[in-house]
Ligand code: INI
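The data below hold one chain only, encoded as structure tokens and taken in the form predicted alone.
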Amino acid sequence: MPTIIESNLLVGNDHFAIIVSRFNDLITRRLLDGALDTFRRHGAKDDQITVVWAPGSFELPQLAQHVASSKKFSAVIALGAVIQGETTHHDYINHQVAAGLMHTAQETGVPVLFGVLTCENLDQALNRAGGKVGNKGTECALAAIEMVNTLKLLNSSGI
């Protein structure tokens, strides 16, 4: 029989940071609302959640690095929305943000969740911020809770 490590979705005493882009705040505020609601439904109190506002998605990795390095948070969620325009600007932003957030998670050992929507248009973004396709903020909060609890299980089992 294989060893199976599977965690729960209860917050416990952990603290979480949510970094949110002000740019496209019609979308990002909905993502934030989804994340906050999810944390609360899974046992988090308001004093366990810190929200940090960033000017735009490009600035998310630097703030995530700072917050994760503080060791005050069990996980960091980065929320943003990069909507394709008439140029390829969005490609440069999306790739660098994703790489920067992944680098922070690997370097600090703190889970950093990628909640940046990379959509072709506003309708797609709205659908992913509480519309037809769900809410990426909600998904990231659930993933953050699960990652924190899974890492605890791995550490306690000596893996």
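Residue positions are given as counts along the sequence shown, with the first one as 1. Not measured: the values here are computed from a predicted model.
The discussion below concerns the form predicted together with the ligand, not included here.
Colleague: May I ask you to check whether Ile93 falls inside a 4.5 Å heavy atom distance of the ligand in the predicted complex?
Modeller: Contact check for Ile93: yes, within 4.5 Å of the ligand in the predicted complex.
Colleague: Within 4.5 Å, heavy atoms only: does Gly109 come near the ligand in the predicted complex?
Modeller: No - in the predicted complex, heavy atoms of Gly109 and the ligand never come within 4.5 Å of each other.
Colleague: With the cut-off set at 4.5 Å between non-hydrogen atoms, does Gly100 touch the ligand in the predicted complex?
Modeller: Residue-level check for Gly100: no, no contact with the ligand.
Colleague: Residue-level contact is defined here as any heavy atom of the residue lying within 4.5 Å of the ligand in the predicted complex; does Asn24 satisfy this criterion?
Modeller: Asn24: yes, in contact with the ligand in the predicted complex.
Colleague: Would you point out which of 100-108, 130-138, 41-49, 54-62 contains residues with a non-hydrogen atom within 4.5 Å of the ligand in the predicted complex?
Modeller: Careful reading of the contacts points to 54-62.
Colleague: Using a 4.5 Å cut-off on any heavy atom, which residues of 81-106 would contact the ligand in the predicted complex?
Modeller: Result: Ala81, Val82, Ile83, His89, Ile93.
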